[in-house]
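Shown next as structure tokens: one chain only, the form predicted alone.
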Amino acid sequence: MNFDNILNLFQGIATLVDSEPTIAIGRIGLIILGGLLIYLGKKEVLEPLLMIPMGLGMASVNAGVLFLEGGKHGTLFLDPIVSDPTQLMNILQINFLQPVYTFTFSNGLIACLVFMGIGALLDVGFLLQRPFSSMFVALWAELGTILTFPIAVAMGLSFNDAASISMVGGADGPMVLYTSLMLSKNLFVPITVVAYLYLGLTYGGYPYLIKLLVPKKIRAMSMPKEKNPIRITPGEKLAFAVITCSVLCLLFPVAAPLFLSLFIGVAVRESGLTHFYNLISGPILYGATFFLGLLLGVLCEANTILNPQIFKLLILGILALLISGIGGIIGGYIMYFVTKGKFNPVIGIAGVSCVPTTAKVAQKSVNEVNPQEIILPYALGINISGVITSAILAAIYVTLLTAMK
């Protein structure tokens, strides 16, 4: 038996040797990156719920490449490109994650399930206590979503692709997934992967942005104590969910599945439907998040990720999040001056709608200089507003660009 025959017993290694140098190096790099994501998730530097399954999926798919019919390289995980019905039916019986991908990921269902779970965890009372200031700051935190679009077009992306990568500025993974599926099916895999890789950076990077833009003295300021805080009843929260969902669906039908998913979670929470609440906020949310992370990792095969456009997407994704973070803090500063120093600008970072991560970042940044101060209720109101404004912008992009075809 010669060396080639022995090597073919270990096809992961054989395909590595048989690959072009760029692909081989990419596979090795992605295996290492997968291990790094698992480590950072375990240390909670990045979001463990996503990063641990994503990292292991990324490492496995790039290690588990084998020779298929005709000497073609492939895996037994899934094929994101296949669309021919006959070929799809065959591959559904072979690739073990293909059914999950085809029936939940590539049609946006998994994004809606995650959004439903997020809705069940949201207490919209924080928003209703301060609706105008919350929405105002949240709109400023969409600056990256807006300004990245013309920059992406100037860098050579189509309008559809530019809109999809711009949505990373909202720091809302399901929103990016949904928008890219609607507008950029050819690039939705790398765009979504870039989005979720960068969302983990908001927890680690935004504290430094806050320290850079907000002096320690202002970060330490205390919010005025409310003598008679407004109490929002469950009935009022339910009414808000029903009215807002109906109005947004009426204005932006193209994003109606997202609006319904978010607000049905809110409605279940406020209706006191305990069994449904436990189902949505537990098994549905965590199950969808697990498979989302796993599928994102498996989609990070070297042949897919080494797309010539990926470098542009990496630059634009981080730029969108950076501009949105700066925009949120600008919104916080505007409120600071309007209220004559009675609003902590740090809270503005919560307008970037990575719920509840950016709200926690704001609270942690303030506690570093003022351990007794609690700004979380204000931050959560703006955080929830950020989810809604992000969904509205996604709907606007999809509606306008679809109409332009």
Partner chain sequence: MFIEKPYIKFWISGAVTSFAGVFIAKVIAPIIQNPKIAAFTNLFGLIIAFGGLYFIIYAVNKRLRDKAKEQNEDNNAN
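A quick note: this is a predicted structure, and the numbers were derived from the prediction, not measured. Residue numbers count along the first chain shown, from 1.
The same protein also has a form predicted in complex with its partner chain, omitted here; what follows describes it.
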- Message: Residue-level question: is Q129 within 4.5 Å of its partner chain in the predicted complex, judged on heavy atoms?
- Response: yes
- Task: Answer yes if any heavy atom of E236 is within 4.5 Å of a heavy atom of its partner chain in the predicted complex; otherwise answer no.
- Result: yes
- With the cut-off set at 4.5 Å between non-hydrogen atoms, does R231 touch its partner chain in the predicted complex? yes
- Item | its partner chain contact in the predicted complex: I305, any heavy atom under 4.5 Å | no
- Stretch in contact in the predicted complex with its partner chain, which is absent here, among 315 to 323, 165 to 173, 98 to 106, 250 to 258 (heavy atoms within 4.5 Å): 250 to 258
- Among L76, L147, I330, M135, which has any heavy atom within 4.5 Å of its partner chain in the predicted complex? M135
- Query: So which of F240, F159, F290, F276 reaches within 4.5 angstroms of its partner chain in the predicted complex, heavy atom to heavy atom?
  - Reply: F240
- Taking heavy atoms and a 4.5 Å limit, what residues of 158 to 190 are near its partner chain in the predicted complex? none
